[in-house]
Structure formats: C-alpha cells, structure tokens
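In structure tokens, one chain follows: the form predicted alone.
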C-alpha cells in the first residue's frame, strides 16, 4: 500500500528509493470498517489520513444534532480535522467510514520531522494544502452563490465516481438540501 503513497507523492515531487524509504518510516497503515470512526468530535486529532482505499466523510454536527457533510474523501485524497490536527486541539468534526477503508496515517510530529529532513516533502505538503484550500474556497462560493441544481451538477462534473458511491441522504447533506430535493434534482 505504500506504493500508492509513493505514486501520489511523485505526482508532485520525484523521490529516490532512499528518500522514499525515509518517507515511509513516518507513516503507519490502518484499516477501518464501514461505519467506524477515525476521529470523533472531542478527540485530540492525532493523524492526517491518506486514503488508500475506501470512502470517508468529514461531518460537523450542529447544536441541534443536524449533521453537515463538510467533505468526502476517497482514494488518493487526504483528510482530517485539519484545524485540530495542526493545533493539537480537540476535534470539532468527526471522520467516519462510508465504506471499509485502508488509510496511511501521519502523526503531526512525523509531519514536522519529514518536512524538516526532506524539503521535497515540505513542497509536496504545501502543494496539497494549497489545492485543498482552493477546493474549500470553491465549495464555500458554491454554497453561497449556486442553486441546489447547480451544486449537484458541479459535484457530478468534479467528482463523477463519487455520486455512485455515496448514499443519497449523505449527498443531500453535502449539498445542503433535503433528500426529497436531491431526488428531484437527480431525476
């Protein structure tokens, strides 16, 4: 499974075998079952997760108990409650498996060691963070300015494989619409 991590990193920076051997010592592999939580609200967030296989959802639960899907993460994506991860504070969101998942975990100390010892990896993580920031801004703008139908079409266009894997109730929560509205949009 580390070969998938190497392929992912090398889309941004090339690595020698020795460099990847160093990189790989900073990660651990974990497997989770469908419905299992990687992070629960209130946890101290220990890891950033690279998804090797499976599908995850990052969820914020408001004071009334309503779940808001912040993001989905599938193969070749990174996910965590990054605010809590980088500040080592308690999670405000949960990260749960929609499908059985295999992830590669990176503790914050290892992240810092890796970036300090191998500047290529600092560049890699900066690139991934920048792309994540751009994606988050696009999502916010979509929620602020697009109609429900436009948001649904954006998801279909940007993540065509995701719609078939995500239950409609979760997709509706991600889009900020009811399940009934989603059924009308997808008809």
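Numbering follows the first chain given and starts at 1. All values reported here derive from a predicted model rather than from experimental measurement.
There is also a form predicted together with the DNA; it is not shown, and the following applies to it.
Taking the partner from elsewhere, residue 148 is found to have a heavy atom lying within 4.5 Å of the DNA in the model of the complex. Among residues of the shown chain, residue 176 is one whose heavy atoms approach the DNA to within 4.5 Å in the model of the complex. A residue is said to contact a partner when one of its heavy atoms sits within 4.5 Å of a partner heavy atom; residue 25 fails this definition for the DNA in the model of the complex, lying far away. A residue is said to contact a partner when one of its heavy atoms sits within 4.5 Å of a partner heavy atom; residue 11 fails this definition for the DNA in the model of the complex, lying far away.
Checking 66, 30, 33, 123 for any heavy atom within 4.5 Å of the DNA in the model of the complex turns up a single hit: 66.
Proximity to the DNA in the model of the complex holds for all of 169, 180 and 184, with the criterion being a heavy atom within 4.5 Å.
Stretch-level contact analysis of 140-148, 44-52, 154-162, 127-135 against the DNA in the model of the complex, using heavy atoms and a 4.5 Å limit, identifies 140-148.
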